[in-house]
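Single chain ahead, by itself, as structure tokens, in the form predicted on its own.
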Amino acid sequence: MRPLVVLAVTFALIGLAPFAIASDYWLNLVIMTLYAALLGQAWNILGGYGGQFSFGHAAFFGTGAYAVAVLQVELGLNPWLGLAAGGLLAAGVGAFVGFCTFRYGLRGSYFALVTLAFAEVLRILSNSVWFTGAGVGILIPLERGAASFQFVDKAGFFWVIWGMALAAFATAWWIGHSRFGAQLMAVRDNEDAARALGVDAFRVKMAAITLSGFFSGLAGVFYAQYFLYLDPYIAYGPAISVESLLVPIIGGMGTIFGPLLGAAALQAVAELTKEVVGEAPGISLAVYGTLLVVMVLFMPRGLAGLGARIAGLGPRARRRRAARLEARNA
């Protein structure tokens, strides 16, 4: 139960932010860190725990974002209902993508390319149909108030993203301590061996991509309500997909706290880049790409793995301790 206690304490401390931070700038930074952590944990459920690397998580994010925006603007639906609709529609897209790929045994680079293709198809479609605003985008009318999911101050947005992120991280903890999670990680480590042991790999991967799509959709809903504007490039562009996978890779894939560490590091780098370089077009993607190469080459287990190695909790440290103990007993 120790990780659950640490998770509860961590989010309790983060929950003090609106009371301890008076500046909107710093509170916005905390909000965007939690938003990135939610995106990263959504990808981590599928890629970190399930070993299914997606290059097109923007397909789920954009579906959630456009769902709440279109339902508000075109049908007048309350955005709180749009929140549920966005998450469920994104989960449905996840299930559809999973069925089209896992049903025919696609994995590895083939799966990654198919997810990227789905995101691109949705970007092109949203750039063509009238109800998304086509290339112009869609602007959500400003109606300040909690009932409109448009809070007067940033504290309201903080509590929404805090709750979403907590739900995603609690789900990750459950995956790490449940029979379903054990099956998912068995499929990640060796799918053929897992099948031989009786694991229904298709069902397990379908559940993982549906959960991943749901939480990515929630992140999209939050983005739409926070910034009140969407266009096809924002919703389905490569930046979202890159951020989704970069956060857990930096923090540590297949770990509960990796996406939170990665989100904090990524936000710090993004703010530093803005201070040094400014808002140059494409600079964020260039920095993200450089970070990705550095992490894969020098810290493949991410910041969580580095911390475990320093604390003597990593696999190598455990093997060394076991060898010393065995030698002492001999």
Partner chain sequence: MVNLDIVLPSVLNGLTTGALYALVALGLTLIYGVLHIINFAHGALLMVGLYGVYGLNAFAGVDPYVALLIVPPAMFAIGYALQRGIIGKASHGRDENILLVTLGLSIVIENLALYFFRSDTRIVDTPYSFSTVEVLGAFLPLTKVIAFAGALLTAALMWLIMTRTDLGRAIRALAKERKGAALVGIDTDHIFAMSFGLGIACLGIAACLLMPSYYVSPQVGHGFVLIAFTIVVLGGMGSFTGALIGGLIIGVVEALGGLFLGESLGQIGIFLIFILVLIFRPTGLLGHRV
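The structure displayed is predicted, hence computed values, not measured ones. Residue numbers count along the first chain shown, from 1.
What follows is about the form predicted in complex with its partner chain, which we do not show.
Which one, 69-77, 83-91, 114-122, 208-216, holds residues whose non-hydrogen atoms are within 4.5 Å of its partner chain in the model of the complex?
The contacting stretch here is 114-122.
When you measure heavy atoms, are L7, T10 and G98 every one within 4.5 angstroms of its partner chain in the model of the complex?
Zero of three within 4.5 Å in the model of the complex.
Counting any non-hydrogen atom inside 4.5 Å, which residue from A235, A165, I249, A172 sits next to its partner chain in the model of the complex?
By the 4.5 Å heavy-atom cutoff, the listed residue in contact is I249.
Residue-level question: is F131 within 4.5 Å of its partner chain in the model of the complex, judged on heavy atoms?
F131: no, not in contact with its partner chain in the model of the complex.
Exercise: I256 in contact with its partner chain in the model of the complex, heavy atom 4.5 Å
I256: no, not in contact with its partner chain in the model of the complex.
Would you check, heavy atoms only and a 4.5 Å threshold, whether A155 touches its partner chain in the model of the complex?
No, A155 sits far enough from its partner chain in the model of the complex that none of its heavy atoms falls within 4.5 Å.
Closest heavy atom of I161 to its partner chain in the model of the complex, within 4.5 Å or not?
Although its partner chain is absent here, I161 would stay clear of it in the model of the complex, with no heavy atoms inside 4.5 Å.
Using a 4.5 Å cut-off on any heavy atom, which residues of 28-53 would contact its partner chain in the model of the complex?
Stretch hits: a single one, F53.
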